[in-house]
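Quick heads-up: it's one chain on its own, the form predicted on its own, in structure tokens.
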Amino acid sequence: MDAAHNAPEPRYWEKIRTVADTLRELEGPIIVVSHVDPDGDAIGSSLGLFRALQALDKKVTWIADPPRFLRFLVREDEYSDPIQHVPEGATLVVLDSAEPSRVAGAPVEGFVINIDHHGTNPRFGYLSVVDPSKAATAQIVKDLIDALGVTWTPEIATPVLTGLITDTGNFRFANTTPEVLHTAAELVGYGVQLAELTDRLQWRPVGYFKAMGAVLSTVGFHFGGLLVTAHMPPGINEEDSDDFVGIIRYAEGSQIAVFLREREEGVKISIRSRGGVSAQAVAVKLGGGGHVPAAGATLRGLTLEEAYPRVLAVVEEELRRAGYL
């Protein structure tokens, strides 16, 4: 990433202070949500902010469906079921959702505060802090909690650090900037048990490893190995399957990896890229979005057999644009 990409968006700190002041002054209920199929950043950033708002004695509800590998972070009495309508006078705080259609747990209505780091975010909501230069939404939440004046505790810092860890691939991805490492060091200083946390984040149920074996049997190489693909075979059900695209992306010589899962609504696609190839560009052409190195989409109404040719055609276009073909 170049210096321009890493520079905060104009008025970033002004927006952070505005949101912090607004949240402190709210007397009505606050509802915190994130995106469908939440990952470590979605859960970590929203849980961290939820606990910080609790520390301010706010009437706050966290609506979430944590995946199995992240439930160790959460007490069962902390998260609530989805709602059909936002109560009158309530504030909806949306975290890590690239667009309104990705928001899970509540409709995007009423007074909305939008906090995110996806470049494709249309800046929806009455207030928004959207900064693609940040490695994770959790990084923005760290600044927001500082601005709120909340006293940091291990219970608040641990989920926020989880968001940083997961969205930087354990600090291995190109979005791991000096700022990220400095933020992580601060959070560890607030009492996070780093070794315990990073170990726990790798735990998976027995079914995950059986599913991984089935997924690896589907691995395919295309365009001379520049693209590696895999899919979840029919009949295999494993909720913690987002890791699989991260496994196949390390195939030597590959510049882009795509993992496909067939669901009721269509085929969900996870994309990772490197070397100047844009996962984001591929995802956008497939109706999704995300970041340059990591993105996703859902091909609605298609089967796996129908999705593969569509994916291959779009990836071929991107590989040509990037000069690999």
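In case it trips you up, residue 1 is the first one in the sequence shown, and so on. All of these numbers come straight from a predicted model, not from anything done at the bench.
Form predicted in complex with ligand 5GP: not shown, discussed below.
Across the options 24 to 32, 264 to 272, 44 to 52, 58 to 66, residues that bring heavy atoms within 4.5 Å of ligand 5GP in the predicted complex belong to 264 to 272.
Contact check for S278: every heavy atom lies farther than 4.5 Å from ligand 5GP in the predicted complex.
A residue is said to contact a partner when one of its heavy atoms sits within 4.5 Å of a partner heavy atom; I256 fails this definition for ligand 5GP in the predicted complex, lying far away. Residue contact check for G40: none of its heavy atoms lie within 4.5 Å of ligand 5GP in the predicted complex. Remark: V215 does not count among the residues lining ligand 5GP in the predicted complex, judged by a heavy atom distance of 4.5 Å or less. Between the options V130, L197, A98, A106, the residue in contact with ligand 5GP in the predicted complex by a heavy atom within 4.5 angstroms is A98. Shown without its partner, this chain lists R249, H222, H231, H118 as candidates; in the predicted complex, only H118 has a non-hydrogen atom within 4.5 angstroms of ligand 5GP. Contact here is defined as any heavy atom lying within 4.5 Å of ligand 5GP in the predicted complex, and by that definition each of R102, A294 and T298 is a contact residue.
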